[in-house]
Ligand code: ATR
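Quick setup: one chain, the form predicted on its own, written in structure tokens, and binding and motion questions come after.
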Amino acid sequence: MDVYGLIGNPVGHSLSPPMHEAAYEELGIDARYVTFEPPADGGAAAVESAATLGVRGLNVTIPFKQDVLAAVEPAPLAERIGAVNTVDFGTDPPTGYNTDAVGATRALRSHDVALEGTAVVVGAGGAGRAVAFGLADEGMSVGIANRTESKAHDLAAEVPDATGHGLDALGELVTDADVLVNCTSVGMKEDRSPVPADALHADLGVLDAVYDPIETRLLRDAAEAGATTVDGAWMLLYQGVEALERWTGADAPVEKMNRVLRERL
């Protein structure tokens, strides 16, 4: 039996085990997906221990996405983002990937959102970094808006063809944008949106990384404006799909993984 898993602290809330195990069952793979909760300073050591124990692959979540860089050979995108959320032990040393970026782009593409023109990313934290690099690598110009404007400028200096802004610029930025991605926690378990509703329009593709609730205020406002909306569960799904495909080399059973994930939301 192959063992895959997730390291984080805490991990009790994770939706990854049922999603991945449903995929193993569908693909006929004899495997289990388990969660590990190392101490706050134990991310790199956990990866090294997993390699010794023969674990085939790990997902990595808060607070270890930066710490594990010391225990892996990061893929180019993960190195640029400065964070790893997937470890493949099929190489020596293990390879570290960041599938958050691909999770966002695949989620948008699955809803026929063209990754062309101008994108706006709200938030310059970990998810914002990954999404900004991912959209820039697709050839999009990226405007990054953040509550602390200096963080947006710092990130924009690293991302090709990007600009940094404060949140007060969102109205103007979104009016001229083709894609909008919210990478902040605004809207999580609250009825608020980080984006002025009157800036949303029908030519926009909108992804909200928040998935609790599944339909956020931002997505409701975007739908009313005629925009294409993509909820955060799609990003969660596709980062898991990307990880599974890297570990196994198989095409992930996306429909089954999506069904199982949404049953548990």
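Each residue number is its position in the shown sequence, starting from 1. Given the structure is predicted, the values throughout are model-derived calculations rather than measurements.
The same protein also exists as the form predicted in complex with the named molecule; that form is not shown, yet it is the one meant from here on.
The binding site of this unliganded chain is open: after the named molecule is superimposed from its pose in the predicted bound form, not a single one of its atoms comes within 2.4 Å of the backbone or a C-beta atom.
None of the heavy atoms of residue 95 is located within 4.5 Å of the named molecule in the predicted bound form.
Although the partner is absent here, residue 105 lies well away from the named molecule in the predicted bound form, with no heavy atom inside 4.5 Å. Residue contact check for residue 143: none of its heavy atoms lie within 4.5 Å of the named molecule in the predicted bound form. In the predicted bound form, no heavy atom of residue 113 sits within 4.5 Å of the named molecule.
Proximity to the named molecule in the predicted bound form holds for none of 14, 56 and 59, with the criterion being a heavy atom within 4.5 Å. Checking 159, 127, 173, 71 for any heavy atom within 4.5 Å of the named molecule in the predicted bound form turns up a single hit: 127. Comparing 181 to 189, 105 to 113, 75 to 83, 133 to 141 against the named molecule in the predicted bound form, the single stretch with non-hydrogen atoms within 4.5 angstroms of it is 181 to 189. Taking a 4.5 Å heavy atom cutoff to the named molecule in the predicted bound form, none of the residues in 20 to 57 make contact.
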